[in-house]
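The chain below stands alone and is given in structure tokens; this is the form predicted on its own.
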């Protein structure tokens, strides 16, 4: 496991700084610090608030999760450059879980007691969320801004958990609804291709539920997260002849599936979940296979529109030496999770504690990402997080993502029946 502190340096291309290096505070902070109340057991110090991140930085899903972390880090660095939160810097302690549930448990316990943090973000392994769900819900450290939204951690609603990523149910409903209408289907046949995780199982069920609304049939096929060949899965797709497929997994899941389909001469339409909407996926697919591949997302890639929040993200990423990441949906998701964390900490008051943070959020709040996502509304009864999505594709001629419509066009797919 690796624990890092992240702040800004004169070299904007460098983010990690050894934990022992002192953080430089804004002018005037010294006076504030003399009067600040510290709660070290809660990760609150005179000059900083420690905030934990649990993600895969070196394992099989690092290509997506480490980019999310970089987006979160950059937003935290921006906050600190602007004076911090109530005079304290937001200090990130990042633990590498390597996508391993046992490692995640050790890292979680470390952030709770050994190097205490006020809250934790990320939790990118659905298996780990299931294993730690009871511990988190019955504990004192809130999880704010998850990278994956499992039922075990999200249901029933808990004051200790706030999701920060597109919900599986919403992705399934919006994606299936869009494809059924776009392709003019009746009684659609749909197949889910997913890695073997708890999240994959949940997503496949949500897809089946969404397909049933259109009197269609759904099936699924699975593969290991480390799969290097998906010929058996593609042969199953060929035998079942679905009208379209949907893909859940890591970048390589989408790349292998779509490229193997193309090798067999198949042009089966497909959409991936949000994590799989990255420039590297489309670059690996190429224009031929990429033409049949879309992704559904509650976030807008950097440069895909001219919203205020999008322009701000793109500009800062370039300034920080991360211009190549601004179009990566995982970087955007991490940035928005950083916004969620910063707002939560602001709400906790000038001298926050774990208890005051939980209490401040219980009444509900709204996160305005300035157009990077639709307003994210949390209520006492609903901690789902981003719930409005839209479909994206990739314009190879202009090397840019394009959205089909706006968020408001898709609300009909995820709106609960009255």
Partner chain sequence: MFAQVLFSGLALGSIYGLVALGFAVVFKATDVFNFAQGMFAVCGAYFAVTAISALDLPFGLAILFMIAACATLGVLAHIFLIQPLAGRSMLAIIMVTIALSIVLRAGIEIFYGPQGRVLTTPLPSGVIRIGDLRISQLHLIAALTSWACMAIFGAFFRFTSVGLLMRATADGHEAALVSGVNVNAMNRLAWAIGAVLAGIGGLFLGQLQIVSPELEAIGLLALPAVVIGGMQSIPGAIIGGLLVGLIAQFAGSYISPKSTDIVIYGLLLLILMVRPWGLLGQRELGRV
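If you're wondering where the values come from, they're calculated on a predicted model, not measured in any experiment. Basically, rigid core = biggest C-alpha set you can superpose within 1.5 Å across the two forms. Numbering follows the first chain given and starts at 1.
Here the subject shifts to the form predicted in complex with the partner chain, a form of this protein not shown in this document.
For a residue to qualify, one of its non-hydrogen atoms must sit within 4.5 Å of the partner chain in the predicted complex; all three of 196, 224 and 233 qualify. At a distance threshold of 4.5 angstroms between non-hydrogen atoms, residue 318 is out of contact with the partner chain in the predicted complex.
Within 4.5 Å of any heavy atom of the partner chain in the predicted complex lies no heavy atom of residue 123.
Within this chain, residue 284 lines the site of the partner chain in the predicted complex, having a heavy atom no more than 4.5 Å away. Interface membership of residue 247, defined by any non-hydrogen atom within 4.5 Å of the partner chain in the predicted complex, is ruled out. Proximity to the partner chain in the predicted complex, defined as a heavy atom within 4.5 Å, singles out one entry of 205, 343, 268, 252, which is 252. Heavy atoms within 4.5 Å of the partner chain in the predicted complex are found in one stretch of 156-164, 179-187, 136-144, 321-329, which is 321-329.
Taking 2 Å as the criterion, residue 229 counts as shifted between the shown form and the other one: its C-alpha moves by at least this amount when the rigid core is aligned.
Once both forms are fitted on their rigid core, the CA atom of residue 323 lies less than 2 Å apart between the shown form and the other one.
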